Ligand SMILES: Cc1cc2nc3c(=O)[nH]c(=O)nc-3n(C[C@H](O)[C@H](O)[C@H](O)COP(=O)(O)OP(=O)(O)OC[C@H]3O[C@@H](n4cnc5c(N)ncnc54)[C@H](O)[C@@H]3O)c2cc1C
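Before any questions on binding or motion, here is one chain by itself as structure tokens, the form predicted alone.
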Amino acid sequence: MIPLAHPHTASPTADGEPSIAIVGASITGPTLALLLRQAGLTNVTVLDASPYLHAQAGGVIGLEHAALDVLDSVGVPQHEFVPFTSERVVAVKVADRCDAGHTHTFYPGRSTAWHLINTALLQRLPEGWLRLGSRVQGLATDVDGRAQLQIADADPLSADLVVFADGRRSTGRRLLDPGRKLRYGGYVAWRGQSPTVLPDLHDYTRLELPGAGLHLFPILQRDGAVVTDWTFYLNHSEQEFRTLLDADPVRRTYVLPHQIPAQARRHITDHARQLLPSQASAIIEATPSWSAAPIVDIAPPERMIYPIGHRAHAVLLGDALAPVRPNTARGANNGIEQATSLAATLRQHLRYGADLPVALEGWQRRNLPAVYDALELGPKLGATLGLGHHPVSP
């Protein structure tokens, strides 16, 4: 790191409280910020590159009981972000566009949607903690040996601890662990929210067929209307993805509605008509705005913590550390669990003088195995559904 002169922000508080910068305001970042506030830390800044709140809609997220309890503890009640309390998961085998049999299981938690949980979290951030439109471009050390974030069109920000929770295409991972590159997993999650709702849709429902799958979830809107949040998983070669969306799947890991051309919508709608029961394909056709997310894999990380200068640290959390496949239902859960134990580590440092580097090493040692397990599980689960590059082993 190259030392830079004259850091813009203030030093740690007089009582020794570390200053903390969190990059990313999706789920893991705001959760960590609220946990830090609960732990008594007040010198916290949350940065996000987007200039707007809640720009992304849709995307069902499963939160296990441990993660739900964390959100309860920081004052985010379930009724704000859990639209339906059913724990049932209905799996429907589809053959020749017909229902070939149901199985029912139960998820040990609740399902939500990204925009619901993101809104509930950001509304509770203390005033002045959130800085939108702050795109981090680099990381260096200042003249005091602290980490210094270089921000586009703004003064740099210095901190004792920088936490990168900035998603699958993490700037933090690019800066701290550039050797681990994303790999395209061979299929895409097309998704949206449809005004068409099946009359008997009360649970999280999966329609399963080789090489594809449609996930449906009812969401109660603030105006009382119910919509169907859907995700249509479909195999695509890398070349097909490039042809449909004029993009590289490991560079454009989230495709916004305006980036999906009409020809791509027609192509996916045609597949839906060919593969799905008519009522299910009608849900997709009736959706005015789509998004898409190519599924990506990554090599397991060797570490989560990086020393910066002689007194600061940077860490990677959640998808910034290692994006896992959505089939595992572990992405948000991993991030929240990592944030919870990181906040506990910092609380021990602040209240009882625990040696911070030693405590962070212990935090890293406890959390990495769960990341390894989820990275290994994702391709296996995808393969059982005929999704992605990884065939089922004999």
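Each residue number is its position in the shown sequence, starting from 1. Treat the numbers as computed from the prediction; the structure is a model and nothing was measured.
If you look for the form predicted in complex with the named molecule, you will not find it shown, but the lines that follow are about it.
Report task. Consider the chain as shown here, without its partner, and state which of 356, 368, 60, 39 has a heavy atom within 4.5 Å of the named molecule in the predicted bound form. Result -> It is 60.
Query raised in the report: Which pick from 271, 265, 135, 252 sits with a heavy atom within 4.5 Å of the named molecule in the predicted bound form?
Result: Contact check passes for 135.
Report task. Please check if residue 24 has a heavy atom lying within 4.5 Å of any heavy atom of the named molecule in the predicted bound form. Result -> Residue-level check for residue 24: yes, a contact with the named molecule.
Requested in this report: Evaluate residue 349 for contact with the named molecule in the predicted bound form, applying a 4.5 angstroms cut-off between non-hydrogen atoms, and reply yes or no.
Outcome: Taking the distances in the predicted bound form, the answer for residue 349 is no, it never comes within 4.5 Å of the named molecule.
Query raised in the report: Could you tell me if residue 48 has a non-hydrogen atom within 4.5 Å of the named molecule in the predicted bound form?
Result: Residue-level check for residue 48: yes, a contact with the named molecule.
Query raised in the report: Would residue 189 show up as a contact with the named molecule in the predicted bound form if we use heavy atoms at 4.5 Å?
Result: Because a heavy atom of residue 189 falls inside 4.5 Å of the named molecule in the predicted bound form, the answer is yes.
Query raised in the report: in the predicted bound form, which of 302-310, 90-98, 240-248, 189-197 comes within 4.5 Å of the named molecule (heavy atoms)?
Result: That would be stretch 189-197.
Report task. Residue by residue through 150-175, tell me which have a non-hydrogen atom within 4.5 angstroms of the named molecule in the predicted bound form. Result -> Contacts from 150-175: 165, 166, 167, 168, 171.
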